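What follows are structure tokens for two forms of the same protein chain, given separately as structure 1 and structure 2.
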Structure 1
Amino acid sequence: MSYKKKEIKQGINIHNITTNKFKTNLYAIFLTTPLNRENVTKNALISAVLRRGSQELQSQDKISKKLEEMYGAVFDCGIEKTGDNHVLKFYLEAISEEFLPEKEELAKKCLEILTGIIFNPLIENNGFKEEYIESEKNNLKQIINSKIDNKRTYSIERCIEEMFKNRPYGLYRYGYIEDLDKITPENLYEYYKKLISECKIDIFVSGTIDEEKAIKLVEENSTIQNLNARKPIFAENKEDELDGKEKIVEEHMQVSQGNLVIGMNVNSKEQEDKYVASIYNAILGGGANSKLFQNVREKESLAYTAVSTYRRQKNAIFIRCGIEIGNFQKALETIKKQLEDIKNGDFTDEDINNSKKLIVESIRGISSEQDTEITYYYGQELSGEFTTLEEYMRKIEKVSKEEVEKLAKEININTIYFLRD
């Protein structure tokens, strides 16, 4: 495996990952722009409208037919929050040419379709096609409303919303229904042009295509040639100053299980502390040996799910448990006891070693999944510094028990969210 990055124009990068581990080539283009209340809904709508059709392939079924002909190449797009950025992600995955039943050149076609969808949309009367805008507004409305359908993800979203209230990261990635009415085919197209000319653009080519070929492929693509150089506007990673007061938010719905989510912030601006926080998180709720799993689940039999996750870009940890509604106090006490124990150094070298193994193993696995590998390099790109997988593992290995204990004292509960009946 080899990774190479090249700036083809200011603000536009190509990232090539040459690998022989997969039967597919994966092309991905990410547009990065700062998250803010004004644009969040527009970005979500743009991503939905673009996939409806391009100048060349003017409708969804035309795109689908074309892709099916290419042995079921798959186009996908999505919208995500990465730190304080809103990222519009577009993917195209196609079988590597050596596994096709007949010889066919797919790479050039793939990139043309993908760049066509993103950069050459179907435009009528100086706006997006009205029919597409109207139907995607309705769809987006449904997507926003469907937030409540999965109680687990809903609870996490809600906890984040409360914890980062009135801050970019607290925004919902699909936006807000009340913003949809103001959007017209024309004003959305105006905004789109601005977005495309200012955002940060990252183009990934992963698979058997080598560096030289990948760069040539991208540089010879006429759509990419037409893009302007830019000083890209996006949010650099920075910590939010959250107050240390603990707040409880309770919400009622018709559920038979209670969903408890606890948001905690890590009060440290040291870059190196992020590795310590990863270890802390693994000890707390990273796996079967973690304090949450062992105590909340195995000892007290309070939950089936008892986990924590660390969101590196926001330096925040979220604990999540599904519990009997009447056991709220008991579960909360058990969880708080685990937090205190780590603060007081009540964990072993073995806990540290287990956590290191868990994390190192997951880093080693990154290159075994094409999209995970792309996400890793994109994360590095945004962080402004470049850490190789090897360095990453070394830094994890270096973390000491004292460092975890010390950082634990800087980790505070911010929001306790409970979804109940």
Structure 2
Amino acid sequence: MSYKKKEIKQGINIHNITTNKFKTNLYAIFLTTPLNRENVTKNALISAVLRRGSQELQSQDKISKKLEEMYGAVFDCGIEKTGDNHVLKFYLEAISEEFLPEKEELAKKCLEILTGIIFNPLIENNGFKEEYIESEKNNLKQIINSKIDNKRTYSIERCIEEMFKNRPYGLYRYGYIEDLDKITPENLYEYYKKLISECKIDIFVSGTIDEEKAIKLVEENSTIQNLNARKPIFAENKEDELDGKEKIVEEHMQVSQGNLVIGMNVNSKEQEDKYVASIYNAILGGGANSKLFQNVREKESLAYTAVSTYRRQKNAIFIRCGIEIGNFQKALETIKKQLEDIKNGDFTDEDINNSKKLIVESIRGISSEQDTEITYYYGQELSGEFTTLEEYMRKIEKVSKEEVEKLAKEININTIYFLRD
């Protein structure tokens, strides 16, 4: 496997991942723009409306038919929140040309369709097609309204919202229902043109296509040729200076099980400490050998689930426990004891080794899925510090017990969110 990046115009990069692991090539285009309250709903709606049709293929049926003719190629798109950025993601997956029954420029066709959907949308009367706008507004309303249905993910979202209140990362990636009514086909198209001319654009080609062919493919694409160079507007990776005070937020709903989420700051700006934080998180709640699992769930029987996750881009750790509502205080005390134990060095070399194995295994898994691999290299692009998968594993293996204990003293609880009856 090899990874290469080239800037083809200012603010527009091509990333080539050459690999023989798959029989398919994956083409992806990411549009990156800063998260803000004014545009978060518009971005979510744009990603949904664009998939409905382009100037050339004016409906989803026509897009599907065209892809079917291309040996069952698959198109997908979505919207992600990555640090303080909102990212519109578009993918097209197709069989590699060497497996075709006869010679054909399938890669070129794939890129033409993908760029057509994103950069040459279907426009009527100086705006997006009204029927598509209204349909996707309704779909978006359903998505926003249904976030409450999954109490686990809802609780995590609410903890993030409270912890990052009035900050970009606290925004919901699909936006807000009250903003949908203000959006018209015309003003959404005006915003879209501004977005396309200013956003950071990253084009990924993953598969058997080598660097030279990938660059040629992108540079010869007429739609990409017509894009303007730009000083891209996007948010650099940085940690928020959050209030150090611990706050408790309780929300009442008809639930049979309590959902406890604890958001914690990792107060270190050292890049190398992010590897230490990964080990700390694994010891705390990364698997069946973790302190949360062993003590909160197994030993004290206070939780149905007890896990923690590290959000590297925001340097924050979130603990999540599903608990009996009456066990809130006892569960919170037991969780806090685990945090104190790690601060005091009350964990073993075996804990460190188990955590390293867990993380190294997950790093190895990155290259087993094309979209996961693309997401990894895109994360490196946004971080401004390129680390190969091999380097990543080496840095994890180097972390010492003393470093974990030292970093533990720099971690504090920011927000305790409890969803209860």
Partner chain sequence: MKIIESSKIKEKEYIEKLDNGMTVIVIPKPNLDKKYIIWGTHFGSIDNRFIMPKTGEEVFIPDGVAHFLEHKMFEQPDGTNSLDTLMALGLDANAYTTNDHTAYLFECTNNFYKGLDELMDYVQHPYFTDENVEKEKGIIGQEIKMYDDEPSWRMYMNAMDCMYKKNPIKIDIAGSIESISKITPDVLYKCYNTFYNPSNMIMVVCGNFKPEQILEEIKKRLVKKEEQGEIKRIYPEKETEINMPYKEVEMEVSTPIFAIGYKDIEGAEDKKEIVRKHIAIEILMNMIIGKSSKAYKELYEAGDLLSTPDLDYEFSDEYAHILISGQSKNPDKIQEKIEEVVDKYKKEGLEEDHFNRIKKKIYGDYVVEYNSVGEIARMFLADKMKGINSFDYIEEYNTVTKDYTEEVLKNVFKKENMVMSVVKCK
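We call the rigid core the largest set of C-alpha positions that still match within 1.5 Å between the two forms. A quick note: this is a predicted structure, and the numbers were derived from the prediction, not measured. Structure 1 provides the reference sequence; residues are numbered from 1 along it.
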Is the form predicted together with its partner chain shown as structure 1 or as structure 2?
1
Fitting the rigid core first, would the Cα of A73 be found 2 Å or more away between the two structures?
yes
Cα of I95 displaced 2 Å or more between the two structures, core superposed?
yes
